[in-house]
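First, one chain by itself: the form predicted alone, in structure tokens.
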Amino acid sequence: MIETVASASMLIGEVMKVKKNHLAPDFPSGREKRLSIVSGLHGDEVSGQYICYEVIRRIKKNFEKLTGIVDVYPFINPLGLEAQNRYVPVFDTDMNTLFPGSTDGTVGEYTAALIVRDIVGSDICVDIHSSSIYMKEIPQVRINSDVAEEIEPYAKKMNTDVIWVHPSSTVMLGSLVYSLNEMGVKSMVVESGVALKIDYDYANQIVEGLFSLMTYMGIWNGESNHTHSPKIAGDKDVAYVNAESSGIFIPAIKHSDIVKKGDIIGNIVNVLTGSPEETVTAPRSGMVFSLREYPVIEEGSLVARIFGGTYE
């Protein structure tokens, strides 16, 4: 059932509507577990649109296998999605800094408040992201260390390659996931791929993870394929590789490759002089789970992240 969660009139005569697809058994008992799937907080992250579509399609195809509630919110920032803009157009605001929102605030804060109000009551919320145009990410779950013990059992079902546990001091306070966790709704971020593109292999991997999670929660009695066991990464397990010069980055490895300390990750070249500026090497051994996608680079820009932690 399609429901409008929030609606707001805009200055240009348009109406912004945030909608969800509410999927529930025909004869609910009132004791069903509830999963909320959120996508499109950033308008340039389109992979989540496909993931939401595929989850809804598969549930509808085998609707008799649904034993709980799945609420799917495909486009939390519909204007940004339409404009291919990371932020909310006109207001130029990052939607993921406005939570928990306020019904007495700006249009963005008002919308955020209604979204949170609608999600509250879920047993768990999965917020799907696709990185930025700059970095490509391997499928990963990101959770706050303050809630890691409680959420990790769910995160391990998400079929990702990595679970990255962040210290609480680095978590964005105005984000949807932070706000929901503060309200007692178990929530996690799932990130993969790169903005403005759909990596179908990664997206389908996460779709399988969502059905695996639904099975674990007792929401789904149908098929689910859990093919990836995650590696647990704390901040001490992750090395950041930053450029020491400007130019064009030419990678020497592929995303998700295993590298050894000292291996060449890529080269930064000067397109005006036709000469190399820097050879970027791995500071530690491990898996490259983030790699520069946008080739133009400035001194200090992030080139890669390398994970060298434990394997589950």
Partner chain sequence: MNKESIYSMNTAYRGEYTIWGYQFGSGDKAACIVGSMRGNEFQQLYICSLLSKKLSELENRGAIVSGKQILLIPSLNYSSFNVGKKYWITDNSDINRSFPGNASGQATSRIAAAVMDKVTGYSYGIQFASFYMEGVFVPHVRMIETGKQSNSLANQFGLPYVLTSVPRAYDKATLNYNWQMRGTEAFSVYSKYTERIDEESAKQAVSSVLRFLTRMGIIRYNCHAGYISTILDEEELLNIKSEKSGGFFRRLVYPGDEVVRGDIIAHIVNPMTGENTAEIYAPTDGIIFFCQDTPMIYQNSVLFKMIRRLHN
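Numbering follows the first chain given and starts at 1. Just so it is clear, the model here is predicted, and its values are computed rather than measured.
Another form, the form predicted in complex with the partner chain, is not on view; read the next lines as being about it.
At the 4.5 Å threshold, heavy atoms of A8 reach the partner chain in the model of the complex.
In the model of the complex, the partner chain sits within 4.5 Å of a heavy atom of T103.
Of the heavy atoms in T97, some are within 4.5 Å of the partner chain in the model of the complex. In the model of the complex, the partner chain sits within 4.5 Å of a heavy atom belonging to F91. Taking I124, A239, L79, A148 one by one, only a single residue has any non-hydrogen atom within 4.5 Å of the partner chain in the model of the complex, and it is L79. Contact annotation: the partner chain lies within 4.5 Å of heavy atoms from the stretch 82 to 90 in the model of the complex, the single such stretch among 137 to 145, 211 to 219, 182 to 190, 82 to 90. Using a 4.5 Å cut-off on any heavy atom, the residues of 230 to 252 that reach the partner chain in the model of the complex are, in sequence order, N242, A243, E244, S245, S246, G247, I248.
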